[in-house]
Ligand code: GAL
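As a starting point, one isolated chain is supplied in structure tokens, in the form predicted alone.
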């Protein structure tokens, strides 16, 4: 009986953070997320993939802090999260995980050519000496996922990372390379399971947490400096060609990116308009396992980004519209 009451309390708290009004959903930042079983959502450094009308989110399970499994959740409205399972698990998916290797920033893609789901991530060892990327694949979005490789892509030291799939299906793995000095743009093979080419960009600018979105033919990238768990200034750059012509880095938002670090940029295409949602980690708030996930709408135009934090807002996933909501 006590367990039932506790679960009801948790679900009520979750519904207070995300309240529906018809087709409009209210998203409130700053609170822990709970899944449909009443458990705290553990998916830090999150990566997202939309399949039909369902969003799949994967991320680090930091409940044990330093040896994270990779969890998967699903949702149709980015508010009601169903736990799909541990798609990459210490000592199970790979014997070295939880021992000599750990994972950070897992990101999920779908390869139309092979009809497989592919995860790329930071595959690391003690003291960040390995500097490798990990690759996993599955025939179903929920798994099981199989280990493909754990290595330095094209022999290049690689750490903090993200992925991007272009309109033509070309996939990219973007990571800090060579002791965090530069960003490496790795073009992936047609099956997304290996890197075939690397372009070195933003030389000696020490950028990490890259998140890329394409808007009206222009590529925009948000990134942060390398300051560990401490937040810093988010910066914007843009180009019309992923491997050249990037603009100079420009400050956006406040000096600590509203106490976040970029994880993903989501594209919400509706019947009336398209909205872009910034997803960031509010690390160490109040500690690593309870780091918050922050979401708010951003927009891009003419090489600029409106990067304004909203403590809460409303969004309509059918029409793609969003609107302000006062506290």
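These numbers were taken from a predicted model, which means no experiment stands behind them. Numbering follows the first chain given and starts at 1.
Just so it is clear, the following notes concern the form predicted together with this ligand, a form of the same protein that is not shown.
K.L.:
Can you work out which of 155, 129, 245, 228 has a heavy atom no more than 4.5 Å from this ligand in the predicted complex?
P.N.:
Looking at the other structure, the residue within range turns out to be 228.
K.L.:
Check residue 105 for me: does it contact this ligand in the predicted complex (non-hydrogen atoms, 4.5 angstroms)?
P.N.:
The answer is yes: residue 105 has a heavy atom within 4.5 Å of this ligand.
K.L.:
Against this ligand in the predicted complex, would residue 260 count as a contact residue? Criterion: heavy atoms within 4.5 Å.
P.N.:
Result no; residue 260 lies far from this ligand in the predicted complex.
K.L.:
The chain here is shown without this ligand. Which stretch in 182 to 190, 136 to 144, 228 to 236, 90 to 98 comes within 4.5 angstroms of it in the predicted complex, by heavy atom distance?
P.N.:
Of the options given, it is 228 to 236.
K.L.:
Using a 4.5 Å cut-off on heavy atoms, which residues of 155 to 178 contact this ligand in the predicted complex?
P.N.:
If the 4.5 Å heavy-atom criterion is applied to this ligand in the predicted complex, 155 to 178 yields only 160.
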